[in-house]
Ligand code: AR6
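Before any questions on binding or motion, here is one chain by itself as structure tokens, the form predicted on its own.
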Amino acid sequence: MDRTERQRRLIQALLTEMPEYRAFAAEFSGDRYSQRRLLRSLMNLRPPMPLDPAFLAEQDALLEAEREEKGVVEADDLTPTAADPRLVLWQGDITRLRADAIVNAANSALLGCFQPCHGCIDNAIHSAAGLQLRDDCAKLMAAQGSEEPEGRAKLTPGHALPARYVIHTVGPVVRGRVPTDRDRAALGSCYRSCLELAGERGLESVAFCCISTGVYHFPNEEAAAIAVDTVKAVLDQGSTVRRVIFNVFKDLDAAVYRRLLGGDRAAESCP
């Protein structure tokens, strides 16, 4: 089955489950790229509910083909910083990284982003992992019975991602654009909780995105300083984690981390 036909079958399956989106689907053109955007949109919109094994087999085949097309980046092959061999700065798409775990900056519902094709990291990770990730998160939240507090961490499988696991954490929302001491403590707790959970599971490599610096408005430079200081402190206390990747997407964040980590070897860009 070619990719266009697989996309068509997946779209039809989702529209059968969610007929209320047929008018929405009609707004998309019929070319392959528009249909792929429609498929991602429908996956983003789909609430947690039972997953059909036949659908999952086709979804996984599509996502795995796209993963190989984008190219997998091996976390262990990335060049560490000159100042600290435990730390790596890498600029690129976190969904390409083959690490033991990548960190997702989640919201308090922990179900992923429901806004079609939104540009947040939460949407990107769920879209690349597949619908199983939302289902896993829904089960965790049902067992918890309440929203996820800031600064904690939960672990799920990575599914179609190259990473074995996803660690989900909710960062603080900065109101008024000036972080409070509580915001700073909550952000530090995100990094600490993720590494502690990774250590409990015996993981060796963890990739962090820039938690809370997007729509949560934590200033980039201060957030990066908290991230680096907290990670170093946790690793200094002893952990199974031997490599932490600071993953950035924007040039602004790359420059900030480069200054903090120091040295000519403090950054590596996506090929």
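Note that residue numbering follows the sequence shown and begins at 1. Every value quoted in this text rests on a predicted model; they were computed, and no experiment measured them.
Not pictured, yet referred to below: the form predicted in complex with this ligand.
Among the residues Leu155, Leu87, Ala124, Met141, the one placing a heavy atom within 4.5 Å of this ligand in the predicted bound form is Ala124. Only one of Ala106, Leu131, Ile167, Val73 lies close to this ligand in the predicted bound form, with a heavy atom inside 4.5 Å, and it is Ala106. Residue contact check for Tyr21: none of its heavy atoms lie within 4.5 Å of this ligand in the predicted bound form. Proximity of Glu150 to this ligand in the predicted bound form: non-hydrogen atoms within 4.5 Å are absent; the residue sits far from the partner.
Looking at Gly188, you'd find every heavy atom of it more than 4.5 angstroms from this ligand in the predicted bound form. Although the partner is absent here, Cys120 lies within 4.5 Å of this ligand in the predicted bound form, judged by heavy atoms.
Annotated contact segment (heavy atom within 4.5 Å of this ligand in the predicted bound form): 106-114, selected among 158-166, 106-114, 192-200, 175-183. If you take 82-96 and check each residue for a heavy atom within 4.5 Å of this ligand in the predicted bound form, you get Gly92, Asp93, Ile94, in sequence order.
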